[in-house]
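This document starts with one chain, in the form predicted on its own, laid out as structure tokens.
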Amino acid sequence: MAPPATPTTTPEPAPERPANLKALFWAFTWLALQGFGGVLAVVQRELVTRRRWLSNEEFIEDWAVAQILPGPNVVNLSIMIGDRYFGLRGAATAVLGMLAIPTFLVVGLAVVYLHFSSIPQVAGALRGMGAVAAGLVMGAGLRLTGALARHPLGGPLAMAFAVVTFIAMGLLRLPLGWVLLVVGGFACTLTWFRLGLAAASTLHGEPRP
């Protein structure tokens, strides 16, 4: 009988959770204040890498749900996380953290931009910030691909869905709603069947497919 295979990957540290509502409020306030353009990268770094409130797999699942719900993705995500740890009070606190202080700053910056947007140096600086935001989003996307290896569909098939989504959105410029409905719906259905097969195999003592 062959010896069991030795794990080659290092297990991720156990997730943590916000200590109280105050910590939740300031965490999302700090997150919102950093969200200039590349908000996905900031959210992933703050919630997964820095605070460890979510694993990479949990972040991908929650972000997918937040993306198909109406409203800003990050606000939807804040409601989900706040409700998960503190119920309705947590959801309200997380949204307040996302919107309270940033709203005043955005209004102030809008007034400043209205007066100085015609200056060439200001326009050039904003274009440079846009390039950095694109790089932040690409970096976050690459970090998230590591979680695809542990997806119920398997790494290659999960990566294939990611590539199809990129082609549909980035190259063919198809509407987000249709991509989520068709590609996302097919991926969800296939994952549901795969998990059902795995559960049935486990129940009958068979090796997982």
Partner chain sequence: MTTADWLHLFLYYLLLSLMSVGGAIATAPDMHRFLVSEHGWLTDLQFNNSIAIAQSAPGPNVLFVGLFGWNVGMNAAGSAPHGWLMGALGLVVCMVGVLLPSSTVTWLTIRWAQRHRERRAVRAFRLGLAPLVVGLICSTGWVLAGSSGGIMQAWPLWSLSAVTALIVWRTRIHLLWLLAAGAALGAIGLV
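Note that the structure is predicted; figures quoted are calculated from it, not measured. Residue numbers count along the first chain shown, from 1.
Keep in mind that the form predicted in complex with its partner chain is missing from the display, and what follows is about it.
S.K.: Would A187 show up as a contact with its partner chain in the predicted bound form if we use heavy atoms at 4.5 Å?
M.R.: Output for A187 is yes: heavy atoms within 4.5 Å of its partner chain.
S.K.: Quick check on L195: any heavy atom within 4.5 Å of its partner chain in the predicted bound form?
M.R.: Yes, L195 sits close enough to its partner chain in the predicted bound form that at least one of its heavy atoms falls within 4.5 Å.
S.K.: With the partner left out here, check for me: in the predicted bound form, does some heavy atom of W63 sit within 4.5 Å of its partner chain?
M.R.: W63: contacts its partner chain in the predicted bound form.
S.K.: Does T165 reach its partner chain in the predicted bound form, with heavy atoms at most 4.5 Å apart?
M.R.: It does: once its partner chain is placed as it appears in the predicted bound form, T165 has a heavy atom within 4.5 Å of it.
S.K.: Need the contact residues for 97-111: heavy atom within 4.5 Å of its partner chain in the predicted bound form, sequence order, or none if there are none.
M.R.: Residues within 4.5 Å: M98, L99, P102, T103, L105, V106, V107, L109, A110, V111.
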